[in-house]
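Next up is one chain by itself, shown in structure tokens, the form predicted on its own.
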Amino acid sequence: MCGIAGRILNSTGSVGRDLVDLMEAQRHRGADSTGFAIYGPPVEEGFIVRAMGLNRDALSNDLEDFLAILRDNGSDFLADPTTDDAKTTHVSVRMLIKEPGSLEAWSKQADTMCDRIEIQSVGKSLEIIKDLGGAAEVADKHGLRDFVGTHGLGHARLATESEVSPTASHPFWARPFADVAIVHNGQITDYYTWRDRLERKGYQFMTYNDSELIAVWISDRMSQGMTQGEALKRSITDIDGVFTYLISDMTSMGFAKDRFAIKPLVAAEVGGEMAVATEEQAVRMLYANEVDINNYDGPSLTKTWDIGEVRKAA
């Protein structure tokens, strides 16, 4: 029942506002939590880290321990961390860090603190912001409408199996691959089989949400030399379930639909821009005038949008 969306702009602009509109239009598909993966102007040095502190009152001490792990891995804060100013127990934290010697080694060590601070995303450009509630509530709390960037993803969640919490929400970062995020509508029925295989290869998972698995699965295939398009097509035959998912990185965005084609997806490409969502009425929030809508309603479908190529169509 969840709703997903993606947005590509033809230049840096108000991608946060557009994603909020896309997700608010689909809040009836699930308002347990809402999340956004936004690609802003890339930093020249280091990585942007988005994390969730689980105890606001203990955050100062927790950040000291987090900093110690950074320094153990040749990194450091490049600026003072910033936080939201809400009254909730959990707290959203944004950090700018020096690039660690090994992103994989550092993230594994940092994940030992996941009961206090859980990393939500790492990247030159990517920032994942997610929280409990509908799109408007999450946007108001975290200032999402003011985010500028080039492209991004959104997700409205109706929890069916795993817990309802800020950290179990979508989007998911494909740890430990920088700047890769995913949103997903559906269910992976061989989740535990694939999770076990990936864990034996050294990958770590922070939740039991099957969507997190897809992000790592695709990134693992690409690390072995597959293109995003090849990995998307492979997922349809290798992963069991009913699913439609969107995956993005700094240069591309793609989707895959399973062999049963139960979960809908529509898209509009206009003037070098693109909007994609579970429901057409969400896309129409951005394109009120008459535009051609591509209804991806067939089985075993995949597509990749190259960010640069979309803009060339303007």
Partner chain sequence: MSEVTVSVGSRPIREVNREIQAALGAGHKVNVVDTRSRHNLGIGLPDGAKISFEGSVGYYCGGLNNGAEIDIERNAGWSVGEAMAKGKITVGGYSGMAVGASMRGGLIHVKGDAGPRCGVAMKGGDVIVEGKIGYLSGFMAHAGRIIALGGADGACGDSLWGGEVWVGGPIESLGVDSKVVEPTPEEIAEVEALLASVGINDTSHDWQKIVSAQQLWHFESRDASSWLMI
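Residue numbers count along the first chain shown, from 1. Computed from a predicted model, the values in this text were never measured in an experiment.
Note that the form predicted together with its partner chain isn't included here; everything after this is about it.
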Subject >> Location of its partner chain contact in the predicted bound form, chosen stretch of 58-66, 33-41, 267-275, 280-288 [non-hydrogen atom, 4.5 Å] >> reply: 280-288
**OP:** Give a yes/no on whether I262 approaches its partner chain to within 4.5 Å in the predicted bound form, heavy atoms considered.
**Re:** yes
Original post:
Any of the heavy atoms of R29 lying within 4.5 Å of its partner chain in the predicted bound form?
Top reply: yes
Original post:
Looking in the predicted bound form, any heavy atom of N295 within 4.5 Å of its partner chain?
Top reply: yes
**OP:** Could you list the residues in 108-146 that come within 4.5 Å of its partner chain in the predicted bound form, counting only heavy atoms and keeping sequence order?
**Re:** none
